[in-house]
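Consider the single chain below, provided in structure tokens and representing the form predicted on its own.
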């Protein structure tokens, strides 16, 4: 009996030790960025960092004085809002139809679309947008984001729609509700957890994506990740302002995830179970 208890305590200690190690590995870069953001130019690039150095807000002041941060934040907000709205309008009905009709070939096609490396689409997108006048426009950035958001959303939402009993929809039809009304009033509320999950993941994806805006946007639609990249000069790397801009860029994502964390956890757990 004592041996079993000892083994259980050792296993518990090993579990927490591994858990702390994993959390530290993933959380350490964020802590380094947050610490560097409040250091002056001398201490920002110091290795190892001076933990006793007095904090300063000069880096944040330089970020705002650099110009363009507010406009880039507005651009990112507009692109993310338009992308998430268009994505839900297109993807939810598509995922519902595929789930109800059991179109396996369509599921394979969606999965195949997810396998394509993003960089392979940059040149075609650039040429097409230049020809159509969509370069450096919100529409162009939204379309490029939807290229990956729509297949991902459909693939994730299939499990949620398949879990909705068909009998619920049939009861609504018998009561005189149309197919569209049943979908909007009955089915969509039942998959609210999945919608919040995909919206949270989509927000993180669209807010932080760097490659598409770097190539497909100009000065008028430059987003925050491209703005942060501007502090990485070939001749000089400003660690302090770079860390401050990175921290400011991460804050909306952190706040958004914290607000939706309840349904986000439920959605991820459901997706893992499926």
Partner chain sequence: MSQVKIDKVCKKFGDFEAVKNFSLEIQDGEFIVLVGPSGCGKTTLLRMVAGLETVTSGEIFIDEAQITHMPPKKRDIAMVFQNYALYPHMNVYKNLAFALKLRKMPKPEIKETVKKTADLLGIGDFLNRFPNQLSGGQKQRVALGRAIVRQPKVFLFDEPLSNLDAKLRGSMRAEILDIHQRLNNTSIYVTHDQLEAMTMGTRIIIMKDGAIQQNGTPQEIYNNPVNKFVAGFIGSPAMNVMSCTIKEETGNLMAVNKGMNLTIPAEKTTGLTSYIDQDVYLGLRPEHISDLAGNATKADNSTFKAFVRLVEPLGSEQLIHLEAEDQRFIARIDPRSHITYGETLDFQAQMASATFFDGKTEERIV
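Positions refer to the first chain, counted from 1. Keep in mind that what you see is a predicted model, and the values were worked out from it rather than measured.
If you look for the form predicted together with its partner chain, you will not find it shown, but the lines that follow are about it.
S.K.: Taking any heavy atom pair closer than or equal to 4.5 Å as contact, tell me whether residue 178 reaches its partner chain in the predicted complex.
M.R.: Residue 178 belongs to the contact set for its partner chain.
S.K.: With a 4.5 Å heavy atom cut-off, would you call residue 133 a contact of its partner chain in the predicted complex?
M.R.: Output for residue 133 is no: heavy atoms all beyond 4.5 Å of its partner chain.
S.K.: Looking in the predicted complex, any heavy atom of residue 73 within 4.5 Å of its partner chain?
M.R.: Flag for residue 73 set to no.
S.K.: So in the predicted complex, is its partner chain close enough to residue 190 to count as touching (4.5 Å, heavy atoms)?
M.R.: Yes, residue 190 is a contact residue.
S.K.: Quick one: which residues from 131-161 get a non-hydrogen atom within 4.5 Å of its partner chain in the predicted complex?
M.R.: The stretch does not touch the partner at all.
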